[in-house]
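Before any questions on how it binds or moves, here is one chain, the form predicted on its own, in structure tokens.
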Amino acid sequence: MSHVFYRKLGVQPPEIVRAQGIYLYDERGHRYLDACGGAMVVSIGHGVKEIGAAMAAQTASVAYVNGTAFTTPPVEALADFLAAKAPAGVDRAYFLGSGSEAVEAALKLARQYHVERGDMERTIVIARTPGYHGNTLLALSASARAHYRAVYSPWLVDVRMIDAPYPYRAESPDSPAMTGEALETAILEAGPENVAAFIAEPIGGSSTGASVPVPAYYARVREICDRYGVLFIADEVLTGAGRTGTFFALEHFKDAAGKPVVPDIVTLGKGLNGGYAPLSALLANGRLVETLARGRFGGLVHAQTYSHHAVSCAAALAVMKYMERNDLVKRARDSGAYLQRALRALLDEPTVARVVGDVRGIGMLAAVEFVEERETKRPFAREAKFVEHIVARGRENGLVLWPNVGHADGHNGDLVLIAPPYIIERAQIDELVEKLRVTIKDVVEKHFAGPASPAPRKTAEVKS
């Protein structure tokens, strides 16, 4: 019996002993195509030796200092790199260990900024449902994950939820969720003087499965936030660092004059470190940081022992340099377009198309949403565990997928995210899609070949 407290209990996971490029190898010699980059983390591929060399060199120089007392060269260099990439004015970087930590710090920063300016009543955060921002308690409060929230709801704070832009399941293209009007309505209902921040993933992560809002959505969000003095936090933990074919996913959206939409705070993680060392980043507009510097506390009232960690920053800096030298953001855009086309070919086979409701995404982020009935978009009943069958069969077929559930109505819904390393070749994309096709066909024929099951139970989505 293992002494490891595994994240998923009751099963013995395969032991991965080697990883290279887009492939994982377990102790029995089985090979898996990593179609989701672990947890949408692996950006430059597995086994890039120069990243380990950079970490070793930094460890030999200085591994750790207290971030309240000292700084180090990789911390400074990584901050400079990100400031050069970020929207104008968003030029201060605070480094942490995970996406949840970065979101937690971003929300705290928004609150403290208002406090330092004397806006003591601004306590309300607005987020979207479906949506996900992390598992620390404040980040979880801003996440519409009913199955996570059920256990911890007594400890969570009140975060106001609006419907996320979700084109596949939207009432219409002009609905308030799709246009951004839902945000203004929520601010007015809460009282603008009470709202501190709005947080959103620029392009849906696992919760809405790579859903892309309409082009004008974020310009409208920025306009609304400016009108009411609300800070806009772009959660790019999953989508940032090149995943969607631009360094920041928000770059896909412009205002009416063609100018970029600039958030007040950005969070990064996952692809920033490529999986080589735990690291996330909060990027803040300089005016927020200057307000804190002049304020009562002289800094952000937030502390993590391993913030601004020299070795983690050295790893991320090496990942960023590798990405730039090999032009991997452009590759994510170009190869991503091929990936999106290849995945849509799943609709050409009747057995597979029977359960595929939608294939969507942008760049190297895609999703396949499964439904029991395509015409009505009716999801499988959660009790059928359709996506669990897909993930299990996929692993047997040498394919690693990332599942999500509950997005259709808060309880039902099944999809998989496809987010391979940016280095994936076209022939490997073909291999990925073929493995996925076979996997879906296997599951349908084995478990769901009979008549359609009864309509699923409806459960209201979490609203606070």
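Computed from a prediction, not measured in an experiment: that's the story for all the values here. The first residue of the sequence shown is number 1, and the count goes up from there.
This next part talks about the form predicted together with a small molecule, which is not shown.
Options 210-218, 375-383, 299-307, 91-99; stretch whose heavy atom lies within 4.5 Å of the small molecule in the model of the complex: In the other structure, the partner sits against 91-99.
Any non-hydrogen atom of F248 within 4.5 angstroms of the small molecule in the model of the complex: Taking the distances in the model of the complex, the answer for F248 is no, it never comes within 4.5 Å of the small molecule.
The small molecule contact in the model of the complex: L183, any heavy atom under 4.5 Å: No - in the model of the complex, heavy atoms of L183 and the small molecule never come within 4.5 Å of each other.
Contact of G394 with the small molecule in the model of the complex (heavy atom, 4.5 Å): No, no contact at 4.5 Å.
Interface membership of L283, the small molecule in the model of the complex, 4.5 Å heavy atom rule: No, L283 is distant from the partner.
In the model of the complex, the one of I390, A105, L365, L238 near the small molecule [non-hydrogen atom within 4.5 angstroms]: If I apply the 4.5 Å criterion carefully, the residue I get is L238.
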